[in-house]
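Below, in C-alpha coordinates: the form predicted on its own, a single chain.
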(Lines give C-alpha, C1' and ligand atoms only; values in the text may rest on other atoms or scores of the structure.)
Protein backbone atom coordinates (compact mmCIF):
# COMPACT_ATOMS: atom_id res chain seq x y z
CA UNK A 1 0.00 0.00 0.00
CA UNK A 2 1.23 3.51 -0.79
CA UNK A 3 0.56 6.27 1.70
CA UNK A 4 0.50 9.94 0.87
CA UNK A 5 3.39 11.43 2.87
CA UNK A 6 1.23 14.27 4.17
CA UNK A 7 -1.11 11.76 5.84
CA UNK A 8 1.59 9.85 7.73
CA UNK A 9 3.75 10.51 10.76
CA UNK A 10 6.89 9.28 9.00
CA UNK A 11 10.19 10.94 9.83
CA UNK A 12 13.22 11.23 7.55
CA UNK A 13 16.32 9.86 9.25
CA UNK A 14 19.98 10.07 8.21
CA UNK A 15 22.72 7.66 9.21
CA UNK A 16 25.56 9.55 10.89
CA UNK A 17 28.76 8.15 12.38
CA UNK A 18 27.13 7.70 15.80
CA UNK A 19 23.71 6.44 14.69
CA UNK A 20 20.48 7.60 13.10
CA UNK A 21 19.45 11.28 13.22
CA UNK A 22 15.88 12.49 12.65
CA UNK A 23 16.10 15.33 10.14
CA UNK A 24 12.48 16.26 9.31
CA UNK A 25 8.96 15.03 8.65
CA UNK A 26 8.56 13.19 5.34
CA UNK A 27 5.77 15.64 4.43
CA UNK A 28 8.34 18.47 4.38
CA UNK A 29 9.99 16.93 1.31
CA UNK A 30 8.19 17.85 -1.87
CA UNK A 31 9.30 16.13 -5.09
CA UNK A 32 11.77 18.30 -6.97
CA UNK A 33 12.54 20.58 -4.02
CA UNK A 34 15.24 20.33 -1.41
CA UNK A 35 15.26 20.92 2.33
CA UNK A 36 18.32 21.81 4.43
CA UNK A 37 18.77 20.08 7.77
CA UNK A 38 21.17 21.16 10.49
CA UNK A 39 23.18 18.21 11.78
CA UNK A 40 24.34 17.81 15.40
CA UNK A 41 27.95 18.69 14.48
CA UNK A 42 26.92 21.99 12.83
CA UNK A 43 27.14 20.81 9.22
CA UNK A 44 24.12 20.81 6.94
CA UNK A 45 22.59 18.09 4.79
CA UNK A 46 20.43 18.69 1.71
CA UNK A 47 17.48 16.28 1.57
CA UNK A 48 15.48 15.45 -1.54
CA UNK A 49 12.57 13.21 -2.56
CA UNK A 50 11.98 12.39 -6.21
CA UNK A 51 8.64 11.84 -7.90
CA UNK A 52 8.97 8.07 -7.41
CA UNK A 53 9.32 8.58 -3.66
CA UNK A 54 13.05 7.81 -3.39
CA UNK A 55 14.92 9.76 -0.72
CA UNK A 56 18.40 11.27 -1.01
CA UNK A 57 20.67 13.19 1.34
CA UNK A 58 23.94 14.91 0.44
CA UNK A 59 26.16 17.55 2.00
CA UNK A 60 24.51 20.95 1.55
CA UNK A 61 27.84 22.72 0.97
CA UNK A 62 28.73 23.51 -2.66
CA UNK A 63 32.41 22.49 -2.93
CA UNK A 64 33.07 25.07 -5.66
CA UNK A 65 31.94 28.10 -3.65
CA UNK A 66 31.78 26.91 -0.04
CA UNK A 67 28.20 28.18 0.27
CA UNK A 68 25.52 25.98 1.89
CA UNK A 69 23.09 26.13 -1.04
CA UNK A 70 22.65 22.71 -2.66
CA UNK A 71 19.25 22.25 -1.00
CA UNK A 72 18.08 25.22 -3.11
CA UNK A 73 19.33 23.78 -6.40
CA UNK A 74 17.34 22.54 -9.37
CA UNK A 75 16.78 18.78 -9.58
CA UNK A 76 16.66 16.62 -12.67
CA UNK A 77 18.05 13.46 -14.23
CA UNK A 78 20.98 12.85 -16.55
CA UNK A 79 21.25 9.42 -18.20
CA UNK A 80 18.89 8.06 -15.57
CA UNK A 81 20.89 9.49 -12.65
CA UNK A 82 19.08 11.91 -10.31
CA UNK A 83 21.01 15.12 -9.69
CA UNK A 84 20.84 18.55 -8.13
CA UNK A 85 22.43 21.54 -9.87
CA UNK A 86 24.00 24.14 -7.62
CA UNK A 87 22.05 27.41 -7.78
CA UNK A 88 25.34 29.33 -7.95
CA UNK A 89 27.66 27.91 -10.62
CA UNK A 90 25.27 25.18 -11.89
CA UNK A 91 27.53 22.15 -11.36
CA UNK A 92 25.42 19.00 -11.10
CA UNK A 93 25.81 16.47 -8.27
CA UNK A 94 24.52 12.90 -8.45
CA UNK A 95 22.08 12.54 -5.55
CA UNK A 96 22.88 8.84 -5.03
CA UNK A 97 26.69 9.02 -5.10
CA UNK A 98 27.58 12.69 -4.55
CA UNK A 99 29.76 12.63 -7.68
CA UNK A 100 29.94 15.91 -9.58
CA UNK A 101 28.69 15.18 -13.11
CA UNK A 102 30.68 18.12 -14.49
CA UNK A 103 34.04 17.50 -12.78
CA UNK A 104 34.97 13.89 -12.03
CA UNK A 105 37.51 14.93 -9.37
CA UNK A 106 34.84 16.53 -7.14
CA UNK A 107 32.18 14.92 -4.99
CA UNK A 108 30.05 15.77 -1.96
CA UNK A 109 29.31 13.49 0.97
CA UNK A 110 26.16 11.39 0.85
CA UNK A 111 24.11 9.98 3.71
CA UNK A 112 22.09 6.82 3.98
CA UNK A 113 18.50 7.99 4.40
CA UNK A 114 15.21 6.31 5.30
CA UNK A 115 11.65 7.18 6.31
CA UNK A 116 10.38 5.57 9.50
Partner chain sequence: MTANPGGTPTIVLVGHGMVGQRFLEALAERGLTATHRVVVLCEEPRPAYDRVQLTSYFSGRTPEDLSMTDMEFIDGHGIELHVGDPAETVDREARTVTARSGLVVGYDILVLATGSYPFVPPVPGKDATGCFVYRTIEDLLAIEEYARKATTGAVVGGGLLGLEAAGALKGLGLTSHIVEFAPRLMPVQVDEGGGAALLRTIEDMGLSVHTGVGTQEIVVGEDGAVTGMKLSDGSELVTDLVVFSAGVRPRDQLARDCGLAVGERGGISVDEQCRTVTDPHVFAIGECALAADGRVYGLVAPGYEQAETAAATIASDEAAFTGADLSTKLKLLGVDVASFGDAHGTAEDCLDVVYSDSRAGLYKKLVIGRDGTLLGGILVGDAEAYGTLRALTGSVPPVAPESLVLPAGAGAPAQLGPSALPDDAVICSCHNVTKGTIRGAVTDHQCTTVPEVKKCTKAGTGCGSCVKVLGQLVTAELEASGVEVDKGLCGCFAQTREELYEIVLALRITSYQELLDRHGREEARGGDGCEVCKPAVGSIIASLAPSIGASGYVLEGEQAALQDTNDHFLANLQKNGSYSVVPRIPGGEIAPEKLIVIGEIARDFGLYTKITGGQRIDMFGARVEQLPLIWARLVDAGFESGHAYGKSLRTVKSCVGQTWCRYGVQDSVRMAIDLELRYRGLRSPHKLKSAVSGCARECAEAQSKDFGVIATSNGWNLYVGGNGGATPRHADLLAQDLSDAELVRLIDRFLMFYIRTADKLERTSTWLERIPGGLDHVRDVVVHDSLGICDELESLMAAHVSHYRDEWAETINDPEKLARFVSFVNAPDTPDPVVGFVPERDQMKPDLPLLTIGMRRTEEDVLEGSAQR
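Residue numbers count along the first chain shown, from 1. These figures come from a predicted structure and were not determined experimentally.
There is also a form predicted together with its partner chain; it is not shown, and the following applies to it.
Within 4.5 Å of some heavy atom of its partner chain in the predicted bound form lies at least one heavy atom of residue 21. When contacts are judged by a 4.5 Å heavy atom cut-off, residue 92 counts as touching its partner chain in the predicted bound form. Residue contact check for residue 74: one or more of its heavy atoms lie within 4.5 Å of its partner chain in the predicted bound form. In the predicted bound form, at least one heavy atom of residue 106 sits within 4.5 Å of its partner chain. Heavy atoms closer than or equal to 4.5 Å to its partner chain in the predicted bound form belong, across 56-82, to the residues 59, 61, 62, 63, 64, 65, 66, 67, 68, 69, 72, 74, 75, 76, 77, ordered by sequence position.
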